[in-house]
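The form predicted alone is given below as one chain in structure tokens.
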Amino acid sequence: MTDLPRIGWIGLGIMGERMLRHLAAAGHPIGVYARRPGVTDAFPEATVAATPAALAAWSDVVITIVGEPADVEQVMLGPDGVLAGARPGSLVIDCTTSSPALAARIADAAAAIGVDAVDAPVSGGPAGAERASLSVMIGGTDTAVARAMPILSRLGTTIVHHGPPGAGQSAKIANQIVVGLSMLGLTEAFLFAEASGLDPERVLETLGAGIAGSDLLRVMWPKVAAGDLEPGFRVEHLIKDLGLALDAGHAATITMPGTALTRELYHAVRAAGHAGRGTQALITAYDRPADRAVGTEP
């Protein structure tokens, strides 16, 4: 028997499965809902619910990390969604990268039935999820965030409350703008170094020691050099996130030409069949000599 809150989880993808394992290991009773058959088999100890509403009725806390804002809206606000079954006094946490406006709408709908809600998108990729070292960006009331903190502290090491509902999503969108435009700079720098006849390893050593150094550079430059397009974060997801950024920028009446250009280049990557590849597949949008192209032998 445990006094820890019962956690209902929706979203057992590359991030969600790793994150839920930490909560299960901590002793939380866990329940799951999944649209894809078989994915709940990874948690034989879990209570499996037939709908998000049924999961919410069982849970003290429901956490979602799904794909698109439309998925968030369906699992949270749909007729069989979380808020259709959530008990007064329960808590919902959305870790999906989604729309700030939708996060605010979910929080309003939750408050109307006596439920606390926070938006808590995460950054750090599968490795961060595996190590429980994610960066967590939170929006919500002080009361709701205080309730969420003990749970989120099992998933991340940098946890920041940015403001009211939707503020966590806005912070995550800022993160994704940096990621997208950094990948653009990294890709063009790699192409320039390659065309100049430089050794990619030596260039990385130099860049990594200077102001251009970053975790993204350290991880992604060798992948580009090796022609490794396996996903840590998929092209299709970054396209979605940059679209959210442009929508939010439009609402705030600011222009972001760099974000728009990067998204268009990623659209070309997706059109070439690389939607499920990692974001380093941006290099496939550029013309390169055949003997230097990703995936070819030297």
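Numbers for residues come from their place in the sequence shown, where the first is 1. It should be emphasised that the depicted structure is a prediction, and the values quoted were computed from it without experimental measurement.
What follows is about the form predicted together with a further copy of the same chain, which we do not show.
Here the marked residues Leu23, Ser90 and Ala110 all miss a further copy of the same chain in the predicted bound form; none has a heavy atom within 4.5 angstroms. Partner proximity in the predicted bound form, defined as non-hydrogen atoms within 4.5 angstroms of a further copy of the same chain, places exactly one of 143-151, 72-80, 163-171, 222-230 at the interface: 163-171. Proximity of Ala132 to a further copy of the same chain in the predicted bound form: non-hydrogen atoms within 4.5 Å are absent; the residue sits far from the partner.
Leu198 belongs to the set of residues with a heavy atom inside 4.5 Å of a further copy of the same chain in the predicted bound form. Taking the partner from the other structure, a further copy of the same chain in the predicted bound form has a heavy atom within 4.5 Å of a heavy atom of Gly249. Contact check for Ala50: no non-hydrogen atom falls within 4.5 Å of a further copy of the same chain in the predicted bound form. Annotation for 243-277: interface residues with a further copy of the same chain in the predicted bound form are Ala245, Ala248, Gly249, Ala252, Thr253, Ile254, Thr255, Met256, Pro257, Gly258, Thr259, Leu261, Leu265 [heavy atom within 4.5 Å].
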